[in-house]
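Okay, so here's just one chain, in structure tokens, the form predicted on its own.
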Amino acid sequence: MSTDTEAPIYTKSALEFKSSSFSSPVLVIHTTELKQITHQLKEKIAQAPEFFKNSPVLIDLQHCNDDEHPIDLGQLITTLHAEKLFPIGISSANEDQKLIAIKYHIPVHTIRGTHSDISTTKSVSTQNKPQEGTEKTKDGTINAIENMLISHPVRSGQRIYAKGDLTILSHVSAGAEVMAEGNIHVYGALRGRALAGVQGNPESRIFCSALQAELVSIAGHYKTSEDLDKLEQHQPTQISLQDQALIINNL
């Protein structure tokens, strides 16, 4: 008797679903004028092309949608694709926009929390050990913070995210990306991208033994290698945010 219709038996699982933390840049749209959006998008990407190249984005429409003149979501998605940005979620969409999002295979959901001009993809290595700290909120509640300590070099292509402070006892290679909701401490050379205060904390700072970075950012305000090349390098450096501008000082 033929057994062609019988289900095959596999001894090993081919896949699994896991719960994880993941965040991406949130593109908050403030106008329905697509020409203006396209122009400013090109300007933004030109400032940090490698950061935005082939980046996933979440689209937040809450500031540009009204009943009379909603934004043309299909054209917006086409514009983003043309700039090598790939929407992976839509927030605050109306019913017609939800249908368009589904047509493009983009999930519709609600974005929660504070987002800055530049947020980042989150990918945490399982070898890194978080350390708990505490944070006192305005109402007096004490929240646990997961600080992270990395003892090995962060190599090109790696992305590391810490919910609290991130401390790296070695160097960060070119092409690597390190992110933290708090401060970033790099005891070696910082050659990749470092983004502190990625959830909008302007009090965050970046410290490194030698600044040779491709991009540094605090709470969405950033400088690229073109700006940093003008600075004196190979010295211990502190980067802070004052009056919406990055301040870079030798230690």
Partner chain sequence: MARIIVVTSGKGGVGKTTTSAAIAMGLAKKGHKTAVIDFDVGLRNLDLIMGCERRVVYDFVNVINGEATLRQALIKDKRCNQLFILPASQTRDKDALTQEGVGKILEELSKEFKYIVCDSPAGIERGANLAMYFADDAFVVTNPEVSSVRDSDRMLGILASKSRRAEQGEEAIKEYLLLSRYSPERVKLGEMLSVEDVQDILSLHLLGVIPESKSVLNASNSGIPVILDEESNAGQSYSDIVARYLGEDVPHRFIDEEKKGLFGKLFGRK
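Positions refer to the first chain, counted from 1. Worth saying up front: this structure is predicted, and the values here are computed from it rather than measured.
Heads up, the form predicted together with its partner chain isn't pictured, but that's what we're talking about next.
The single contact residue among 156, 78, 94, 151, judged by any heavy atom lying within 4.5 Å of its partner chain in the predicted complex, is 156. With the partner omitted here, the residue from 102, 82, 174, 169 that has a non-hydrogen atom within 4.5 angstroms of its partner chain in the predicted complex is 174. The shortest heavy atom separation between residue 60 and its partner chain in the predicted complex exceeds 4.5 Å. At least one heavy atom of residue 191 is located within 4.5 Å of its partner chain in the predicted complex. In plain terms, the part of the chain that comes close to its partner chain in the predicted complex, with a heavy atom within 4.5 Å, is 156 to 164 out of 156 to 164, 68 to 76, 177 to 185, 85 to 93.
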